[in-house]
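As a starting point, one isolated chain is supplied in C-alpha cells, in the form predicted on its own.
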C-alpha cells in the first residue's frame, strides 16, 4: 500500500507517528499547504518510507497528479472539512481509495433550520456513491474516532450484543485542562464551531432525520476511568447520518460534553458573527484585506497540536446503546479512553489528536490486509467490527465496555 496523507497538522503528524510503527504499507507521502509542516513530520521519523510534499488541498488536479506521480493507491484526508470534496474527487480521478475522518459539509434548511434538514453532512459524497461502486472503488468516510470508532462500536453492538436496539447515542466527554489558558480548545476550533453551531441532527426510525436547536436536550453522563459526570448536549455529527444506513435502531443521537463556559463562548462568537466563513473586508497597513472571521478566531487561539505539554487529564469517546438481548432489557456503554500523559510520553501527541489519528491507521491496515473490503461510499459500520477492535487493542490502545 502506498498512501498520500494530505494534512500535516496535529492529527496528520500523529498519524505518521502511529503508522511508522507498523509494517503494512510501502510508502507514505505527507503533503501540506505549508511544506515546513510536512517536512517536520517526516524528519522526526527517520523512516525511508516517508516523504514530504507541498500541495494545495483545494486543487483537485494537483492532488490527483501527486497521487499518480508517487503511485499512491490510497488518499488519507487529514484536513478540515472544507477540503473533503476536492480531495474526494481527486482520489476518484486518480483511481485511488479514499479515506477521511470528517464528511462533506452541511447547509441548514433555508426556512426551518431547527426542524428540517437541509443538505446533510455527507450528502455530497453519498450522491456519488453509485459512481464509486460501478468503478469498484472504495471511499471509506467518517473513519476517525467520532465519527469512526463510535460507528464501529455501533456495528459491534448490533452484531454481538443486542437482538433489538432502541437507541444508539454517541457520548463524548473529557476532564482535560490546559495550563495557562482560560480558553484553549483541544481540537480544531474551525471544526468545533462548524459542528457545534449548526442545527444538531437526530434520527428516529418513524420520522427519519430532523434537526433541533443547538445545545438542546442537556443530560449528565457519567464517563468511565475517573472522568466522571459531564453535561452533554446535542451537536451536529456524522454518526447520526451514518449509523442508520447500516445499523437498525429506533433512535440515534450525538451528544458532546462541552461544559457551560465553552457553550457560552461559542454563543458569543455566533452573536458577534465571528463564526462566519464568508470573508469580510478589514483595513490593514497594506490596504483593505478580505478575511474570514472564523479563520481569525482560529489564528488567535493556540494550535491544539502544541498544547500537549500543558494538558492534563483524559478524553473519552464512546457509544451508549439501549435495547434487548434474549428478551431482557440491556444497556451498555462501549468506550475508548486516552490519557494525555500516556499519549505524550508514548507518541509526543496530545490525547485528542492521538485518539483521532489511531483509528484511520487501523482502518488502513485492515484495508491493506483485505480484512475490510468493499466498493462505493461506505461508513465504518458497513464493515465487520471485531477485526477493527482486535487490531486497535493490538496497537496498544484497548477499548472497554460498561454495563449500565
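Numbering follows the first chain given and starts at 1. Since we're looking at a predicted model, the values are computed, not measured.
What comes next is about the form predicted together with another copy of the chain, which does not appear here.
Colleague: Only one of these stretches, 99-107, 287-295, 236-244, 318-326, has heavy atoms within 4.5 Å of another copy of the chain in the model of the complex; which one is it?
Modeller: In short, 287-295.
Colleague: For the spot marked by 274, 280 and 300, is every residue within 4.5 Å of another copy of the chain in the model of the complex through some heavy atom?
Modeller: Checked in the model of the complex: all three residues contact another copy of the chain.
Colleague: Exactly one of 309, 160, 182, 206 has a non-hydrogen atom within 4.5 Å of another copy of the chain in the model of the complex; which residue is it?
Modeller: Residue within 4.5 Å of the partner: 182.
Colleague: Of 137, 258, 117, 269, which one comes within 4.5 Å of another copy of the chain in the model of the complex, counting heavy atoms only?
Modeller: Filtering the options by heavy-atom distance leaves 269.
Colleague: So, residue 265 and another copy of the chain: in the model of the complex, are they within 4.5 Å at any heavy atom pair?
Modeller: The answer is yes: residue 265 has a heavy atom within 4.5 Å of another copy of the chain.
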